[in-house]
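Included below are structure tokens for two forms of one protein chain, each presented in isolation as structure 1 and structure 2.
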Structure 1
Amino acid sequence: MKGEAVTLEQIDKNFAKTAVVRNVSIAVQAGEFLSLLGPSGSGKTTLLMMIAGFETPNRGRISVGARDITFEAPNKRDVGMVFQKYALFPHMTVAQNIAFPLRMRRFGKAEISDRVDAMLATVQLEGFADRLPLQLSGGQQQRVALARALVAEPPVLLMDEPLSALDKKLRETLQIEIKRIQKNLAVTVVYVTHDQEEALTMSDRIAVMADGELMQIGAPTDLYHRPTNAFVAGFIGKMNFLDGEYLGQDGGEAVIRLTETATLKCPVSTVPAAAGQRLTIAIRPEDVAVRQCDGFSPQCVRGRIEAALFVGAAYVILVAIEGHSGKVLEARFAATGGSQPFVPGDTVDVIFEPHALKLFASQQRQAA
């Protein structure tokens, strides 16, 4: 099995008079695991259905390798598909379900038997060949659906939220299994999910979508550390947002007014505005430090502890910022075995890591 590239060029899709996908272009590399990530209504599943052939774009071109498949029938596209609901045939055994695509292609009995045995080993279901779907757990059914989609050795595998019905622990186990199988077979995967942790765990690259548009595409670390807009910053991982005003430069650094009594400094290259303009300031909880008041840090903002939570590996501190009515920031730091150093009601200094600050134009949309 060898993966092939998938290319989407300027794809538009309308339902009636509503645009659900707008001018999306994505080049998926051969053998890559690319996730389409976004909230409900972002257009990610519609985009996947157009690659599969169940929907037709109003404009644009879709190709697999050198083949233009824009208007080909689904059964001619040579792509595998795993649905959110596994769609296994309840009256067929596991082996018969996996063999079904090969029977439709009129493969010989010996080759069908060999391929089914190989796929059972790949998805670690040896010994389950004669069971019916109702005799399997949800995770086992998902593995059968995956084996059925891969048994004909398609160069491209499409997956539409295949783990959403499973519990958290099983989802995490199968994420690792799917990634292992994908790498071993070198198949190209386009994977739809609304779960950003799932996308970060499994993907080589992630395409973040909102309102039918492509917001940003890149490696998980790029999206997390270098979001290009406020929506991606808020949708990928936890993010704090504050309003501020750009005052200009001082000693080669940008100066941002956060409150009447507090200013922040950060690298000039990150500022997307002219002096006097309003900005949205974004910072990850792990880049926010909370300390008992000492008043010495130039990046210091006064706050009051609203809650101090122990969440296993970390403490989560919620702080109301002085001068920002009703604004509560989240700080997160490792729990090292000592007691929680803060209690609700404490007055503290909140300190921001300058190089961790992300600045966006105030009119940019933030993730809900």
Structure 2
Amino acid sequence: MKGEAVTLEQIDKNFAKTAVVRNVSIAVQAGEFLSLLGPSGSGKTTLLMMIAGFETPNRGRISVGARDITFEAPNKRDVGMVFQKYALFPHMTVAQNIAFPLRMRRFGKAEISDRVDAMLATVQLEGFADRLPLQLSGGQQQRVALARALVAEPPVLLMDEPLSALDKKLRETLQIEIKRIQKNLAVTVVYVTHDQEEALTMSDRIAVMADGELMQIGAPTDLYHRPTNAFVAGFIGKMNFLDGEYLGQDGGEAVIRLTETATLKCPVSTVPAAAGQRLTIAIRPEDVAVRQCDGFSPQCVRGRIEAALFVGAAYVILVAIEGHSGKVLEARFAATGGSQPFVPGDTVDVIFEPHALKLFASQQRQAA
């Protein structure tokens, strides 16, 4: 069995005139693990429902491989799905649940039983064939749901927050297991999750959604290091946003005024603002360097330590920048023995590494 590509082209979906998905185009490659990530209500489930055929888009085209399935009946799509609350049939045993897709496809008795056994082995539930779903733990039910979705070997597997009801430890175990099974079967997976860490560790690519729109799609490292908008920058990982004024280009570098006394240089040529306009500067906490004040240096702003925290692997300090009315800036650096080098109240220099700076138009939506 091989995974097939899933193509979404310019999908719109309205519920009673409210646009819930707007002009979304995504090309999932065959065998790819793609996560849909976004805040609650951003339209992830709706998108999945449309691929599964439970909802029909108001505009656009959905295809699997070369098949256009936009208006195909749900039972004809050959797209497996793991539901958020598993949706196991309560009146059927584990084995009957897993056999159900095969029975619908009119497989012979012997083959059904072979495949169910093989699937039970794959999800490591060999002894549980005759249990009813309600006699299983959450993690076991989740495995049964996965087995049922995969047993007919669909080229595409959809999963809607399949691990959200489980505790953290079990979640991590199952993440690895799902990944392993996906690799073995080479099935294309579209995976909805709230949990960005889950998305980052499992996915080949992540599509970030907000308010029904696709904000960015790319590999986890792309999204992390090269977000194309302020929303993604703030949604994936931690990010500091500072308000600044774009002064103009100087030798291939953008010059930005952060405070009355401090300007920053940033080695980018395309700036999302005209000279004299305000924009948003973004920098990750681990890219902010802080040191004891020792007079002026370039890319440097004066600040005052508001709080200094030890969070295990790292120190986190919160700095209020002198002459800047914005939020406090978070800096984070590895805790390599010794003790916290800063105390609240210290005046420090905050240094912005030029290559770590990202510039966004100032009116852009940011993640809450």
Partner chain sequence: MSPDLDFALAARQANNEEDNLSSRRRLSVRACLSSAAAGFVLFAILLFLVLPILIIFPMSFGSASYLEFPPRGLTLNWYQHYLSDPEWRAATLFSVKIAIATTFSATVIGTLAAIAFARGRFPGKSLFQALTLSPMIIPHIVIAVAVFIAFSPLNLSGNFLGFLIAHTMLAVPYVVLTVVAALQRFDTTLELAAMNCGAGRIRAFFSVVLPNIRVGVASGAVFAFLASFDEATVAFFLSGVEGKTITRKMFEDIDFNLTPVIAAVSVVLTVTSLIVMGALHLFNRDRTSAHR
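Structure 1's sequence is the ruler for residue numbers, which start at 1. The model shown is predicted, which means the values in this text are computed figures rather than measured ones. Between two forms, the rigid core is defined as the largest C-alpha subset superposing within 1.5 Å.
Structure 2 derives from the form predicted in complex with the partner chain, whereas structure 1 comes from the other one. With the core superposed, Pro155 shows a C-alpha displacement below 2 Å between structure 1 and structure 2. Taking 2 Å as the criterion, Gly218 does not count as shifted between structure 1 and structure 2: its C-alpha moves by less than this amount when the rigid core is aligned. Residue displacement note: Thr188 has its CA displaced by under 2 Å between structure 1 and structure 2 (rigid core superposed). Note on Gly138: its Cα is shifted 2.6 Å between structure 1 and structure 2, core used for superposition. On rigid-core superposition between structure 1 and structure 2, the C-alpha of Met92 is found to move 4.3 angstrom.
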